[in-house]
Ligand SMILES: Nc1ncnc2c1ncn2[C@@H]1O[C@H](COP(=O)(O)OP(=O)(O)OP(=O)(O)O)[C@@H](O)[C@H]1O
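One chain comes next, on its own, written as structure tokens: the form predicted on its own.
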Amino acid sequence: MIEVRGVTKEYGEVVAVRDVSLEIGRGELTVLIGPSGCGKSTLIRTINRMIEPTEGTVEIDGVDVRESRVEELRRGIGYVIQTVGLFPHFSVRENIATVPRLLGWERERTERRVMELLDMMGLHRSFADKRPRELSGGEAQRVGVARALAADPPILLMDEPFGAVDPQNRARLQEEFYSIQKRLKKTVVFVTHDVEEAVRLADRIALMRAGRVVQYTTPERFILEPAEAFVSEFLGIEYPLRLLGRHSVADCYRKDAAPGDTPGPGQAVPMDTPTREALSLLVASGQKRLDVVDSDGRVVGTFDFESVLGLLGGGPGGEG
């Protein structure tokens, strides 16, 4: 677990981070979000001591990070940035192997890990011999994430990692990273200014403003209990719809169909349909509800507007 306690960072008369305290659970993905200049990048860099706080402490598993040598601390923390920062004269293989090589891994073990990570990132193994200049932006970003994961660190810091990638590849990278995180369960601190990205990835979100954390909670609780007007203003009027992207129909449908029922003549949706997509289908169909079907095409329940309200905490909702 990462504990940030009363961290303040001052640059002369400018206070970049002001008295921030956070507890980040093991295996959780915490997103730091807020307007430009709010202090989120400064805060994340206090964790791996790229920035030393003026006041306060950062602890990892109860140990103050200042008690560790910087080099040793950073070998246990993966770090990914927007500009990727691959070594231009190294091959992809050499870039990914940077930390394992520093840790003295045997060549065979390092090579196995490089190939495993290329597979994990959806890159053909032939990419191992390419140079960074031969990669697209999305490919380079995948290599950057692979390099950060190479020594299997328990903690991963990601500072606007997909910010320089085009929207289509960005969405694909988000989905791939989300899938990887579900398997690996790293403790991740992720900086972004993109509300949709935060909602898609986060277990918890810390919304910052002028160096302070305004609110730190799950994505759903921002709707039910906004700490102040700024929260709703920053997240925007479409935030509830974005929140639906975290869920599928399986999370909210009504179990009100007899087992083995067959779909009616109208539109039906599979259980794994994203809730936001199902809502669009419901509106377009002009119906009051849609049949929900399982993988065998059997009706297991219905999806309607109250299902969505229940998911967002504003109505009775489904029982699924």
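Note that residue numbering begins at 1 and tracks the sequence as displayed. All values reported here derive from a predicted model rather than from experimental measurement.
Omitted from view is the form predicted in complex with the ligand, to which the following refers.
J.: Would you mind picking the one in 27, 37, 56, 270 that has a heavy atom within 4.5 Å of the ligand in the predicted bound form?
T.: Partner contact (heavy atom, 4.5 Å) among the options: 37.
J.: Could you work out which of 172, 101, 193, 212 is the residue within 4.5 angstroms of the ligand in the predicted bound form, going by heavy atoms?
T.: Only one option qualifies, and that one is 193.
J.: Please name which of the stretches 56-64, 270-278, 288-296, 38-46 has residues with heavy atoms lying within 4.5 Å of the ligand in the predicted bound form.
T.: It is the stretch 38-46.
J.: Since only the chain is shown here, I'm wondering whether residue 160 would be in contact with the ligand in the predicted bound form (any heavy atom pair within 4.5 Å).
T.: Yes, residue 160 lies within 4.5 Å of the ligand in the predicted bound form.
J.: Heavy atoms within 4.5 Å of the ligand in the predicted bound form: does residue 91 have any?
T.: So residue 91 does not count as contacting the ligand.
J.: My question is simply whether residue 22 lines the interface with the ligand in the predicted bound form - judged by any non-hydrogen atom within 4.5 Å.
T.: No, residue 22 sits far enough from the ligand in the predicted bound form that none of its heavy atoms falls within 4.5 Å.
J.: Taking the ligand as it sits in the predicted bound form, is residue 82 in contact with it (heavy atom to heavy atom, 4.5 Å or less)?
T.: Within the cut-off, so yes.
J.: Given a 4.5 Å distance limit between heavy atoms, list every residue of 1-33 close to the ligand in the predicted bound form, or none if there are none.
T.: In sequence order, 11, 14, 16 come within 4.5 Å of the partner.
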